[in-house]
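Just the one chain here, the form predicted alone, laid out as C-alpha cells.
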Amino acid sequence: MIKVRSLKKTYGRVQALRGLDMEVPAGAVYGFIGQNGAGKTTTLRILAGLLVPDGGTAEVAGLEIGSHPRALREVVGYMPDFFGVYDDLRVGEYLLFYAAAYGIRGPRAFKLRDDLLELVELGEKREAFVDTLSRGMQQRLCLARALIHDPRVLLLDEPASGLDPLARVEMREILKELSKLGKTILISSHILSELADLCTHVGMITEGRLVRQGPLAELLNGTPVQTIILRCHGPAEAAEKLLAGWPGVEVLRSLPGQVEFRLAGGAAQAAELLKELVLRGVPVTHFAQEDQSLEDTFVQLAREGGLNG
C-alpha cells in the first residue's frame, strides 16, 4: 500500500532523510518509531503530498507522490502532530466545513458528520464550540476530520501526543475499529507500549534511515540478543561461574537460585549453553527467554548504536 525507496530530504544543512526505504502492507497498522529529529514527521508530510522530496520515490495506493496530487488527496487522510481548530465553529460545523472542502454537501454531509462523531464518541458534543473541548476530544475531532472523505490510508503523526492515560486508551480503541474497517494506518509515536498492543508491523528510524522493520511478532522474536532467566535447585554459584566465562553473556542480576542474563545469538546459542550447564551438573529447573517488548527492542538498538538520532 505504501512503498518508499531511497527517499531524501534536506533542510538547509540538516539532512532529514538519508535514503529512506520503507514498505507498509495493505491493511497494516504500522508503527513508525524513532527519536526526535529522526525524520518521522518529514516522511509523513511527504507521503501526504505536503512536502516535495529531494530524491527517491514514494507511492501510496499505487499513486506516485508528486504525479497525482488530486488522486492522492482522495486516498490519504492526514492527522498532523500539531493542528489548528476554528474556535468560533461548533463541532458539527467544523466537520461540515471540511466535508464541503471535499465536495460533500447536503444530506450526505449531515449523515457523514453524525456517523463520524459517533465513531469518535463525540456525538453529544455536536453543538459544542471546538475551543471548549478537552485536548483528547480535539484529537478525536481531528481524526474525524481526517476520515471525512473515507480515505484508504491514514497517516497519523503522534495521535496520542499530550493525552492523559484515559484519552490514550480511547484513541487506541478507535484506531482498532478503523483497522477492522480495512484502513491502512501509519502511526508515528513515542508511546511504544501502546504501539505494541495496536500495531501489526513496526519500522524503526534513526537519522533519516530505517534500521529495522517487519511484522511485530517477527521483530520482537528475531532480536540478536535475548534475555534469559535461569533458575537452579539450590545455590547458583556454579551457573554464575560458567556464565562469567561464556562468550556473549552479560549477567544482569543474580539472586539466590536465579540468574538473569543477556545472551548474544539465537536459539542455537541458548541450547548450547543449556547443554553445557547440564553437563557440568548444574541443577537447572528453569531456563527460558524473557518476552522481549517493543520498548526493550528499541532500547537495545539504541544501546548497540542502531538508534543514535
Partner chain sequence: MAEEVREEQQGQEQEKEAAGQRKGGGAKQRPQEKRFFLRDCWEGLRCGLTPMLGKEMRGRTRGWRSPVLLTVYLGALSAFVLLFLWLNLERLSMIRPQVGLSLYSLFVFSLIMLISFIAPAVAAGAISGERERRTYDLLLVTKASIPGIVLGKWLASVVYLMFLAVAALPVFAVVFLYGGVPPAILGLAFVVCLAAGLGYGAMGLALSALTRRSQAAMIISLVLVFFFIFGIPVITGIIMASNPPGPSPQPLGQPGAAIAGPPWYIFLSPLTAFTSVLPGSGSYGQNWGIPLISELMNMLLNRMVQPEMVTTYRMGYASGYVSSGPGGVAVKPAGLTAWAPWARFTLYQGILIPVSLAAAVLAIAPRKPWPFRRAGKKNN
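Just so we're clear, the structure is a prediction, and the values are computed from it rather than from any experiment. Positions refer to the first chain, counted from 1.
Not on display, but discussed next: the form predicted together with its partner chain.
In the model of the complex, no heavy atom of Leu133 sits within 4.5 Å of its partner chain. None of the heavy atoms of Arg140 is located within 4.5 Å of its partner chain in the model of the complex. A residue is said to contact a partner when one of its heavy atoms sits within 4.5 Å of a partner heavy atom; Leu119 fails this definition for its partner chain in the model of the complex, lying far away. Among residues of the shown chain, Gly103 is one whose heavy atoms approach its partner chain to within 4.5 Å in the model of the complex.
Site annotation in the model of the complex: the residue of Arg212, Arg172, Arg73, Arg231 reaching within 4.5 Å of its partner chain with a heavy atom is Arg73. Taking Leu63, Val29, Leu263, Val259 one by one, only a single residue has any non-hydrogen atom within 4.5 Å of its partner chain in the model of the complex, and it is Leu63. Judged by heavy atoms within 4.5 Å of its partner chain in the model of the complex, the contact stretch among the candidates 43-51, 280-288, 265-273, 239-247 is 43-51. Taking its partner chain as positioned in the model of the complex, the residues of 3-20 that bring a heavy atom within 4.5 Å of it are, in sequence order, Tyr11, Gly12, Val14, Ala16.
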